[in-house]
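First comes one chain, alone, set out as C-alpha cells in the form predicted on its own.
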C-alpha cells in the first residue's frame, strides 16, 4: 500500500494562508497609495485652479445664490410680463429645435454609414475598418463647442455652424453605438441575400437594418435630447437660437432678468417635454423588440 503522509498538510495550509494575507496587504497598500495620489492630485489641481481664477472659490461660495435670487425676485415682480416674453422668444426656441432636429438627422445618417463600414463582418472594405473607426473616434472626441467656434470664424454667427458642429459630433457618437449594435446582428440573412446576387447596399438594407432599426431609432432619439441641450449651449458662442437670446439677456444684468427667467422656463419646459416623449417612444421600441 502507498504510504500517504499528512505531516506536510498543516505547513501547506499555513503557507497558503500567509500568501493570501500577503496579497491582501499588498492590495490594500496599492489601493491606499492610489487613493492618496488621487487626493493629492485633486487638492493640488483645486489650488492651482483657485489661484488662477479671477476670484477666490471660498469667497465666492457664499454668494453662489445671489444671482438666482436676483433673477427670481425680478421675475416675480414682473410675472405678469412672463407669458408675453415667452411668446416673444418662442421663434428662438423653434430655431433651437430645428438645429437639434436637422443635426440629429444628418448625424444619424453619417453614423449609420460609419457603423456599417466599420463593423467586422459587414464592412464593404474590411481593410478600411480601422480608418472608419478612427474617423468616428475623432468626430466624437472633439467637443461641439470647439467645432462651432472654428466654423463661426469661417462662416460667421448663426444656426448653420451650430448645426454642422452638432451633426459632426452626433455622427461620431452614433457611429460607435450603431456599430456595437450591428456587431450582434444575425449574419444568416446576409448569406442568403449574397447567394441571390444582392449587392452590398441591398444586403445592408434588407438583411441588417430590419434587425437593428429599433435600437438605431432608440439611440437617435436619445441623441436628439442631447442635441437640444447642445444647441442651446452653442447659442452662448453666437450660434443662434435660444441660447443666444439667453446670453444677451444675462449680459444686460438687472432690468432684463425677467427675460432671462422667461427663456429659462421655455428651455427647461422644452427639455423636460422632449425627454419624456423620447423616453416613452424608446421604451416602446425596446419593448417591441423584446417581444
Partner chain sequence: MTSADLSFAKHQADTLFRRKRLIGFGVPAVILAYFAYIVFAFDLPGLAQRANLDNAVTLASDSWSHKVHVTRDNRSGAITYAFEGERKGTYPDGQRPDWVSGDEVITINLGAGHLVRYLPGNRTEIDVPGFPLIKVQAEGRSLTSNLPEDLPKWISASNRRIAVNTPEGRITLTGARSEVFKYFPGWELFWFTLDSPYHGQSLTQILFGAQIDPARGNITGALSDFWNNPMWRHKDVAWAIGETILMAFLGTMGAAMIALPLAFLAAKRFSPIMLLRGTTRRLFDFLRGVDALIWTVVLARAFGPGPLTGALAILITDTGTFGKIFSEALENVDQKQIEGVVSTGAKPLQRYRFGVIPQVVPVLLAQILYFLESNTRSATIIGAITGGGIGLMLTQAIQTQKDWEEVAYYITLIVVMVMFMDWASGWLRGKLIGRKD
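Computed from a predicted model, the values in this text were never measured in an experiment. Positions refer to the first chain, counted from 1.
One more form of this protein, predicted in complex with the partner chain, exists but is not displayed; see below.
Screening 78-86, 194-202, 114-122, 99-107 for residues having heavy atoms within 4.5 Å of the partner chain in the model of the complex returns a single hit, 99-107.
This chain is drawn without the partner chain; in the model of the complex, the residue among 221, 129, 149, 209 with a heavy atom within 4.5 Å of it is 149. At a distance threshold of 4.5 angstroms between non-hydrogen atoms, residue 90 is out of contact with the partner chain in the model of the complex. Taking the partner from elsewhere, residue 18 is found to have every heavy atom lying beyond 4.5 Å of the partner chain in the model of the complex. The partner chain in the model of the complex is approached by residue 155, whose closest heavy atom lies within 4.5 angstroms of it. Contact annotation for residue 271: at least one heavy atom lies within 4.5 Å of the partner chain in the model of the complex. Of the residues in 135-153, those that come within 4.5 Å of the partner chain in the model of the complex through at least one heavy atom are, in sequence order, 137, 138, 140, 141, 142, 143, 144, 145, 146, 149, 150, 153.
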